[in-house]
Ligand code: BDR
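We begin with a single chain expressed as structure tokens, specifically the form predicted on its own.
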């Protein structure tokens, strides 16, 4: 499976990257950075450093957009991910040069070089993906599928009462991506907040090798943040769950394919993903052929699968 990863590392982004690199069926061809958890330049440095840590420095990293489509970058989420985006952990600096083009340009170039093969995994704001659509209107026909960590269909938001952070950062980009006419799967808070790492998972990482220990040290910051939500040291598995939905290792047990609109206004609903779920009470969930696939749950707990992959790095 040929994969382009668009990300804003980000502690859970680091887990997702490790998961993808540990999966034997994934060919990670390119990583693009975007502002979100931190700014795009720092996110690119984090991605490059993580690739070096994981022994894959040859995978190119392209620096993406710092600002969103209609608004400037506003400072990220240091209260969640630490001041440097990865829990304050200082990694050995990677030395590979960044790709010559922007993340959007490199995405288009990759899709055109291998039409129909590329799977796009977007686990940050969707700015780069929207910019790539502006560069090449044929992009949807060149990409096999797009899997997005973002949104909240029936669950509350985490950036505002209504909106999940990735979508809330750039609602205009999300609206463009959802409307582009390609095969889109969204893994929202409805699913990701149900899948968690617990203290035993953190202990297992800290008892591992240097790669696992680095991830464990990052997770300490994440656990501190999530204690206020779960009442114990633990963390939701947002981005790695989306990666596992992409690979098929996380088997979806409940989903719906429905029209989705994004609130791009300036009111309290800005960034809300409004899914038309009026058919959810039917025995068979609605499946609109032109809609967005929304994942609500998976068949088995994901934490054991993720931990096994990370320990194999």
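Just so you know, these numbers come straight off a predicted model, no measurement behind them. Residue numbers count along the first chain shown, from 1.
What comes next is about the form predicted in complex with the ligand, which does not appear here.
*Asks:* Is residue 223 one of the residues lying within 4.5 Å of the ligand in the predicted complex, judged by heavy atom distances?
*Replies:* Outside the cut-off, so no.
*Asks:* With the partner left out here, check for me: in the predicted complex, does some heavy atom of residue 123 sit within 4.5 Å of the ligand?
*Replies:* So residue 123 counts as contacting the ligand.
*Asks:* Using a 4.5 Å heavy atom cut-off, state whether residue 46 contacts the ligand in the predicted complex.
*Replies:* No, residue 46 stays farther than 4.5 Å from the ligand in the predicted complex.
*Asks:* Report yes if any heavy atom of residue 149 sits within 4.5 Å of a heavy atom of the ligand in the predicted complex; otherwise report no.
*Replies:* Judged by the heavy-atom cut-off of 4.5 Å, residue 149 is in contact with the ligand in the predicted complex.
*Asks:* Which among 93-101, 205-213, 107-115, 158-166 is in contact with the ligand in the predicted complex, heavy atoms within 4.5 angstroms?
*Replies:* Of the options, only 158-166 has residues within 4.5 Å of the partner.
*Asks:* Which residues, if any, of 231-246 lie within 4.5 Å of the ligand in the predicted complex when only heavy atoms count?
*Replies:* In sequence order, 238, 239 come within 4.5 Å of the partner.
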